Ligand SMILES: Cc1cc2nc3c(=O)[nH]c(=O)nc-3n(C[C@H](O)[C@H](O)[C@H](O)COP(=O)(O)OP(=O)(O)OC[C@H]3O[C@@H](n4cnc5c(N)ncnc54)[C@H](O)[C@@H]3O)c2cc1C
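Below you will find one chain, with nothing else, as structure tokens; this is the form predicted alone, and questions on how it binds or moves follow later.
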Amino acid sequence: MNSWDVIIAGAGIIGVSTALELRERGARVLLLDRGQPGREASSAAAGMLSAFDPETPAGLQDFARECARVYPEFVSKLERASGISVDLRQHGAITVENDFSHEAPPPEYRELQADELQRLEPQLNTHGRKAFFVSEGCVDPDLLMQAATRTAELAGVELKTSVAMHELRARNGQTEVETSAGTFTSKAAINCCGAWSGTPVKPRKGHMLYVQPQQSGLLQHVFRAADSYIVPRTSGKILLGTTVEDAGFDKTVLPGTIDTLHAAAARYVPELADAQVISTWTGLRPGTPDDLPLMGETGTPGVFLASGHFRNGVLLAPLTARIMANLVMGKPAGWDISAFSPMRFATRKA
């Protein structure tokens, strides 16, 4: 009979990264997913490593910036182990002034003069609004998940797909994970089920699409505006997104929404209007009432939670994995995660 030190429910980028971190420390890890790895919130990500995004809650900003700092090392490790490139691009991003309508832009944002903007992105039209450059990277989340999953499997993480988690509980000094495939037992368990993690996490739907422009190398930089973001890949295809919708667990792709996203992007890059749409999809991000993640032990002994990363799961994965591995193995977190405690919402209800 198999025996595991840790069972992780949820094989998105948070779950897979945490499984790998634990396995590297010698833990026997079972990773479960209700579907296939990375097909939910991780697939609804554009892969932007936006550490200086003004929309990031104040309590998350330092953590996000540290994650961005260590990200190249994180990527390098996955690429070396898996042999899969995750298309890490570090060309920076361009955004426009309407994103700072209520305050001055962050100090990391440098205003671009018209001639410099024209030189950086000759196809970009900001319609007279000020443009800003910020140093940040991006990855392809699909390739990132492939690399992370392959690395975890090569390291000895056991992965079971199409297994839905129903309940995590403590019994006789161990944790039991009740699933659609039976009950599994381990010393500790981590709920990384994203939008399916349970209260207070709720799904936030996002529409996205890929287009293939006729012109190769149409854009070099990520572009962000209030109504659109445009993320070029090295392959030549360009990701357009995204929406944030409260639609429950409905993942229906709405053609009208896709058309709206395509038109919004074409307003800034007119050549995208005729670009062929090659794929469309939706994903469900795990949101919380205060837009901060949930990391730490729950009220059930031996049961931990790592969820609620909303739009930042790809960026926050490296340090989240390290912190959760520390906690599960009885060590200090290594970061002040008091603001991320899963118990903060339980306390409010008391």
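Just so it is clear, the structure is predicted and the values come from calculations on it, not from any experiment. Just count from 1 along the sequence shown to find any residue number.
The form predicted together with this ligand exists for this protein as well; it is not shown, and the discussion that follows is about that form.
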Does residue 19 reach this ligand in the predicted bound form if we count a contact as any heavy atom within 4.5 Å?
no
So, residue 35 and this ligand: in the predicted bound form, are they within 4.5 Å at any heavy atom pair?
yes
With the partner left out of view, is residue 286 within 4.5 angstroms of this ligand in the predicted bound form by any non-hydrogen atom?
yes
So in the predicted bound form, is this ligand close enough to residue 164 to count as touching (4.5 Å, heavy atoms)?
yes
Spot the stretch among 40 to 48, 290 to 298, 62 to 70, 22 to 30 with residues whose non-hydrogen atoms come within 4.5 Å of this ligand in the predicted bound form.
40 to 48
With this ligand left out of view, choose which of 242, 186, 151, 257 has a non-hydrogen atom within 4.5 angstroms of it in the predicted bound form.
242
Within 4.5 Å of this ligand in the predicted bound form, counting any non-hydrogen atom, which residues from 314 to 337 show up?
314, 315
